[in-house]
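In structure tokens, the next block holds one chain alone, the form predicted on its own.
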Amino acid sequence: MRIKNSIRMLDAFFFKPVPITGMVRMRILVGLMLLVQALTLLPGLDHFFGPDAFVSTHSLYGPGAPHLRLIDWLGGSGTAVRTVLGIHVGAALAFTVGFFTRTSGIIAYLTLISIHHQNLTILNSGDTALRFALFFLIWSPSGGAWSVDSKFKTAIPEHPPWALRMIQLQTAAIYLFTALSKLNGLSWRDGTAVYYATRLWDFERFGFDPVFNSLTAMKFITWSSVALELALGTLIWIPALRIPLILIGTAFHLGIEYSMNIPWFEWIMIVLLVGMWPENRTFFPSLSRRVKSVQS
């Protein structure tokens, strides 16, 4: 009986139709992240990916390595770099506005992987998170509303949320395993880890000496960050705690964004947290009601 109940719960979790608002929000936010990331690559495009890049793909992989590298396949020239990036930006823009959503998403995914495989040394974990979010959104009905596609097709009010659930599970896993790995470190257990992290000059952005020079404050921030990550990996599945944890987690990432320079990582994690927002709850209820009244 318990097994049958568990199977029913899992089936409802992945496949019971829900409003597609969560998937639509994620499509728009992930698309915007793809665009801004791509545009910020422009100043160093040749240095990162061109024929005279700081790190060549041959030194990263060696000959015959099975990686998707469209830039190399097109000759590896500066023109090839700009061609692949141009296709990527066009596909990301189409995906954001929901124009041929699935097709543009697939193209954006392939070009994103190709750009990432061209130079792994400039990536961080946020890039990996962005790839898996885009991958699952491709197979969701994220273009079913607030999109160009929905203007020419019947709107999709509800749909099984399995793709969004996969993103949510991966997001929770990121926080859970990050917290567990930190607990293996002595500096995290004794409360000094954040103190050392704020002294890494190549990651520094803005300081706040009254806090960063206080051992008590550093220990509180260190331990509370681990506790928050544990909560975001586990307690976030409790409906009553979900929205408060999302808001606290967003503030947490904004604090790191202020103090540390980890390109786009915090914003990508905020996007993933938005993906945890309950499908039946809107950000601005009064605005949503006005939009529905206009559409009807």
Partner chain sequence: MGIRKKAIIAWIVVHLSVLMLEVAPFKPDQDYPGKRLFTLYLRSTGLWQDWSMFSPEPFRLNLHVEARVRHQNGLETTYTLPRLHRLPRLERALMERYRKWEVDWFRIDENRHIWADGTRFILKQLPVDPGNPVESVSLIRRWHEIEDPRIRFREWGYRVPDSELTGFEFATHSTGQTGAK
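This structure is a prediction, so every number in the text was calculated from the model and none was measured. Numbering follows the first chain given and starts at 1.
This next part talks about the form predicted in complex with the partner chain, which is not shown.
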The partner chain: the contacting residue among Ala91, Leu85, Ala193, Ile221 in the predicted complex [heavy atom, 4.5 Å]: Ala193
Listed residue (Leu123, Ile156, Val97, Ile107) with a non-hydrogen atom within 4.5 angstroms of the partner chain in the predicted complex: Leu123
Gly75, heavy atom within 4.5 angstroms of the partner chain in the predicted complex: no
Partner contact for Val148 in the predicted complex: the partner chain, 4.5 angstroms, heavy atom: no
Exercise: Ala129 in contact with the partner chain in the predicted complex, heavy atom 4.5 Å: yes
Contact flag, Trp277 vs the partner chain in the predicted complex, heavy atom cut 4.5 Å: no
Those residues of 175-190 which, in the predicted complex, come within 4.5 Å of the partner chain by heavy atom: Phe177, Thr178, Leu180, Ser181, Lys182, Asn184, Gly185, Leu186, Ser187, Trp188, Asp190
